[in-house]
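Two forms, one protein chain; structure tokens for each follow separately as structure 1 and structure 2.
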Structure 1
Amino acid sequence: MAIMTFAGTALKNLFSKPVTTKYPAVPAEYKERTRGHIEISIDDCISCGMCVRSCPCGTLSVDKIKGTWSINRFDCIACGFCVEKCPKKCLSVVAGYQEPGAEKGSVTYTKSPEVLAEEARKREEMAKKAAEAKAAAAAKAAAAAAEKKD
């Protein structure tokens, strides 16, 4: 009896089109909501760290001074929480998967030198303005104290 069920399946498969794809020759087509891997547009990133705080696996790290953003792809579950929380929308989930690498480890993206120089200049301006505001507040407090004395 088992041979009869096998014969039916064999005949059906013989006259139907193949289920498998010709993957190396024809690229794989991913469904619309396939979770592949996280990509970043690093020069748009403001290094706020919202993605790091929202990641349930702790796979992300951001260094604001060096202008780097790192992800450990082997620990990432591609949930997309970091993409949702990014205020500048520089993160995205890309359909498809990374090609396998020779070694396990994290991938680090670094901002371009022009963007790093611009951010450093902005930080210096903000520090200068803060120092000026602090000096003005100290002078105002000293003037108020001198006026109270009189």
Structure 2
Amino acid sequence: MAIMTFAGTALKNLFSKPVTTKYPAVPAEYKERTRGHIEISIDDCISCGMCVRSCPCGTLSVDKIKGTWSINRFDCIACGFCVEKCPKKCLSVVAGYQEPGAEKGSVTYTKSPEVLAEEARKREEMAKKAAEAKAAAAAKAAAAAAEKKD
């Protein structure tokens, strides 16, 4: 049995620099992989909704027509599952935590007008093609019916 076994360590600590940093005066140092919050590079998003379906907290929502992606950062647990599931790899987990706030609002990101216009044009084109294909099929069916009649 011994006494004062901790005296050496205590004395050493008394005369050495503090191990803690003076946050927030000295900013916190984050590691490269730190899961702080989710960022999106919105113009790469294809609004497929994989992230919405994978999120365990139901904090995401996507609107294909409006080209928006919203996140309620207060509900997000920074698990990174959406990042893993995104087929376009446009989501990423980055350092820095959500700042405190009085309201649990969500943040919405909207695609740039050019991308939106391009998407609308593509949608129109697709719709046109589909309509044409439909019309062609109808005509074919009508011709076949007429042939049968003869």
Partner chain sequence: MAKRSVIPYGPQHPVLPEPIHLDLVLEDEKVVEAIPSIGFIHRGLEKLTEKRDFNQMAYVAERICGICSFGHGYGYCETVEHIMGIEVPARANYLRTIWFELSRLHSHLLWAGLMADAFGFENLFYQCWRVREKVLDCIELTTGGRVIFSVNKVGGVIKDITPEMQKAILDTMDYVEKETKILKKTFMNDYSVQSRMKGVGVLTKEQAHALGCAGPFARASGIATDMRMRGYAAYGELDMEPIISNDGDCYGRCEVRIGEIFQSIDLIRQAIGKIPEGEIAAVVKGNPDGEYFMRIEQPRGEADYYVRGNGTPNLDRMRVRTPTFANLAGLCETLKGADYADIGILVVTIDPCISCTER
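Basically, rigid core = biggest C-alpha set you can superpose within 1.5 Å across the two forms. For numbering, take structure 1's sequence and count from 1. Since the structure is predicted, the reported quantities are computational estimates derived from the model, not experimental observations.
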Number of the structure representing the form predicted in complex with its partner chain: 2
Rigid-core frame, C-alpha of Thr20, shift of 2 angstroms or more between structures 1 and 2: no
Post core alignment: Ala10 C-alpha displaced by 2 Å or more between structures 1 and 2: yes
Cα shift between structures 1 and 2 at Glu32, which is computed once both forms share a superposed rigid core (Å): 4.0
